[in-house]
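For reference, the chain that follows is the form predicted on its own, supplied as structure tokens.
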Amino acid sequence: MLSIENVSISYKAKKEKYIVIDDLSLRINKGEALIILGPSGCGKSTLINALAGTIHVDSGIINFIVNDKNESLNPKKHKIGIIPQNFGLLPWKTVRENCMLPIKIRNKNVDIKENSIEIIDKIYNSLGIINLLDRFPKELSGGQAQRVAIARAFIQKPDLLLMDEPFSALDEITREEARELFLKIWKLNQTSTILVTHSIEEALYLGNRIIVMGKHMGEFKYEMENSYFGKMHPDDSNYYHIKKILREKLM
């Protein structure tokens, strides 16, 4: 379980301090797919970056609880997978090298065991990139690059998966396909996941819990359990009613 308690984050610009997130508390259960839905500038990406360890918090505690052991979340100790909006692939490395990079960074002398190779190949095959492993990112389409980013995240068997608007750079058809493939891999691993998005449809499809973030310093305006998790294009009146509620909460 991930526990975020009374976290505040700010940044400085022209000698002034701007508070982005103020006194935020949140818990994510093990194996939960949590969606943070909110407009641009509400602090979604700031929270993701803080959890990834790329920015520091001003105050508060971020703990990761495993087997009743409460530890401060630490990217050097805990395996944190990240799928960013721009895919984050290194252009000078092949698809295979990009996918294996998180494992190599954690242990430069790692020896991949045979059963691990089978699991990795299964991920490659499930995402349809087994024939792309020797290509470079510039030789990939947007959808292919997204699949590689998904593979890289799951190959390291992350304790926590962070996703920052991961499908927004894709066209609608490719986006829908990428969402389906991601969900297929996620269900096999059920990694504790936080996905931030401004898409209501994406939130309802990919999250079993949804939180709506307001524009004011990371406030939470609304929270709901989602019974439409994993259901593509449901056609019933309640679904459209929930979409309407979420749309109103985003305003």
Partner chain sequence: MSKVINQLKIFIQGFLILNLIWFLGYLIMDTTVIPNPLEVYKNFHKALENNIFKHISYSLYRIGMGLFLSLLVGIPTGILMAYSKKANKLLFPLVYFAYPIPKTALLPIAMLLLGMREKSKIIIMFLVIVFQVIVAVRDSVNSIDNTMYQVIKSTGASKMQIIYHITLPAIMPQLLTSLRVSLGAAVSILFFVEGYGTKFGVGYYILDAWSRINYIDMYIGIIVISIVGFALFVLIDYIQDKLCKWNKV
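Residue numbers count along the first chain shown, from 1. All values derive from a computational prediction rather than experimental measurement.
Unshown form predicted together with its partner chain; subsequent notes refer to it.
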Answer yes if any heavy atom of residue 89 is within 4.5 Å of a heavy atom of its partner chain in the predicted complex; otherwise answer no.
yes
So in the predicted complex, does any heavy atom of residue 48 sit within 4.5 Å of its partner chain?
yes
Quick one: does residue 52 come within 4.5 Å of its partner chain in the predicted complex, counting heavy atoms only?
yes
Partner contact for residue 71 in the predicted complex: its partner chain, 4.5 angstroms, heavy atom
no
Which pick from 130, 169, 105, 119 sits with a heavy atom within 4.5 Å of its partner chain in the predicted complex?
105
To test your reading of this chain, name the stretch in 205 to 213, 187 to 195, 52 to 60, 29 to 37 whose heavy atoms come within 4.5 Å of its partner chain in the predicted complex.
52 to 60
For the three residues 76, 101 and 152, verify that every one has a non-hydrogen atom within 4.5 Å of its partner chain in the predicted complex; reply yes or no.
yes
Contacts from 132 to 146 to its partner chain in the predicted complex (any heavy atom within 4.5 Å), listed N to C, are 136, 138, 139
